[in-house]
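Next up: a single chain in structure tokens, the form predicted on its own.
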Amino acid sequence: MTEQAAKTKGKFSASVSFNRQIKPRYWRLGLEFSGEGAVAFGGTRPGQFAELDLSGAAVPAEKAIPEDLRDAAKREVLLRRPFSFAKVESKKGKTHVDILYCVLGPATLRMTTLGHGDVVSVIGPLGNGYKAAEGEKRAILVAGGMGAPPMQHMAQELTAEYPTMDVIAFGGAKSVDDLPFETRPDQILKELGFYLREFAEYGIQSMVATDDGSAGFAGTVTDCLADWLGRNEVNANETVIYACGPEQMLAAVAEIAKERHIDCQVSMERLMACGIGVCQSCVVECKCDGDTEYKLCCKDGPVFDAKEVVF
């Protein structure tokens, strides 16, 4: 990635290459950029995001709308929606990005109707992503629920840029049906520790945790992380934790990292209406010289040093 590409952002058009359903509420969307858009998004760092205009997407047929979204489906989509990336690949002058999304409201419901060749207006890449520091020999990726996409992207980047780094991933959700991955954990080579194909494709071992014990470790993903750290020798000076998920989970990961003196970076989630720091709707309280100050998730983040955030 060039420094020029990393600093480039703007409004671009992307063509839909695929849009497939991977679970009842989870979908994976592929977008293709060309020209200046390919340059800009080719430099996307894990944790950065883009704002998609879904106002022109069609409403699904009534039979395809979940019952709990029947009323929401009628609402107009006025604001763009932010999405991080699960995968970014550049080849032959094109940049392909994968977006993993969950159908929760009128915008993501319309998103399911996008088909091959449809054009989407995209603003990005926005925000600040995760940073990989020189000297780190082990990376621990922790994904809670829909915190999975940037962790998949981070897995892709770490294995490409730091091939000798030891990487392990943890994925957690309330139940096996809530795990936002394309395959059930019992379909993967568990005996080798490759529970999740999205990480296995990069040669990264992974562990699964479900609150109800329906797959993998019975408990939260942070309990699974703490259990693993207790059973393995980890050099804190050579290790970094990257996490994305619900704020309660991030707070627990930050506390685990603090107790073990491990550097930790977390991706915070806020409602980001504009994505460029204008609307001021996505503040994150942060520590500053013995006091606190408010930073913008979209502009200063969404990735922050865990020691900086007031949870």
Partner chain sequence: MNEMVDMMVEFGGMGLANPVFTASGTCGYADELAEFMDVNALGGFVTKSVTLKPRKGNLRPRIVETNAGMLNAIGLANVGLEKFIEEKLPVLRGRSAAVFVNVAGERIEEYVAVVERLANEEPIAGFELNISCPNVKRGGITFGTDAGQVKEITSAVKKASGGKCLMVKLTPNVTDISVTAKAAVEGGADALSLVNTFTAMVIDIESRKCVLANRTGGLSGPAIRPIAVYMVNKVYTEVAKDAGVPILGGGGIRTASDAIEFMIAGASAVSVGTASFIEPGCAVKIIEGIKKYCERHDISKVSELVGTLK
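Model, not experiment: these values are computed from the prediction. Numbering follows the first chain given and starts at 1.
Omitted from view is the form predicted together with its partner chain, to which the following refers.
Asker: Residue-level contact is defined here as any heavy atom of the residue lying within 4.5 Å of its partner chain in the model of the complex; does residue 197 satisfy this criterion?
Answerer: Looking in the model of the complex, residue contacts with its partner chain do not include residue 197, since no heavy atom lies within 4.5 Å.
Asker: Is residue 18 close to its partner chain in the model of the complex, meaning a heavy atom pair under 4.5 Å apart or at it?
Answerer: Close contact is absent here: in the model of the complex, residue 18 is far from its partner chain, nothing within 4.5 Å, heavy atoms only.
Asker: Looking in the model of the complex, any heavy atom of residue 53 within 4.5 Å of its partner chain?
Answerer: Yes, residue 53 lies within 4.5 Å of its partner chain in the model of the complex.
Asker: Quick one: does residue 277 come within 4.5 Å of its partner chain in the model of the complex, counting heavy atoms only?
Answerer: Looking in the model of the complex, residue contacts with its partner chain include residue 277, since a heavy atom lies within 4.5 Å.
Asker: Just to be sure I understand the contacts: of 131, 94, 75, 174, which is the one whose heavy atoms reach within 4.5 angstroms of its partner chain in the model of the complex?
Answerer: Of the candidates 131, 94, 75, 174, 75 is the one lying within 4.5 Å of its partner chain in the model of the complex.
Asker: Which listed residue (234, 165, 104, 79) meets the criterion of a heavy atom within 4.5 Å of its partner chain in the model of the complex?
Answerer: Going through each option in turn, the one that passes is 79.
Asker: Just one of 80-88, 174-182, 211-219, 96-104 has heavy atoms within 4.5 Å of its partner chain in the model of the complex; which?
Answerer: After filtering at 4.5 Å, what remains is 80-88.
Asker: Taking its partner chain as it sits in the model of the complex, which residues of 236-257 have a non-hydrogen atom within 4.5 Å of it? Please list them.
Answerer: Read in sequence order, the lone residue that approaches its partner chain (within 4.5 Å, in the model of the complex) is 247.
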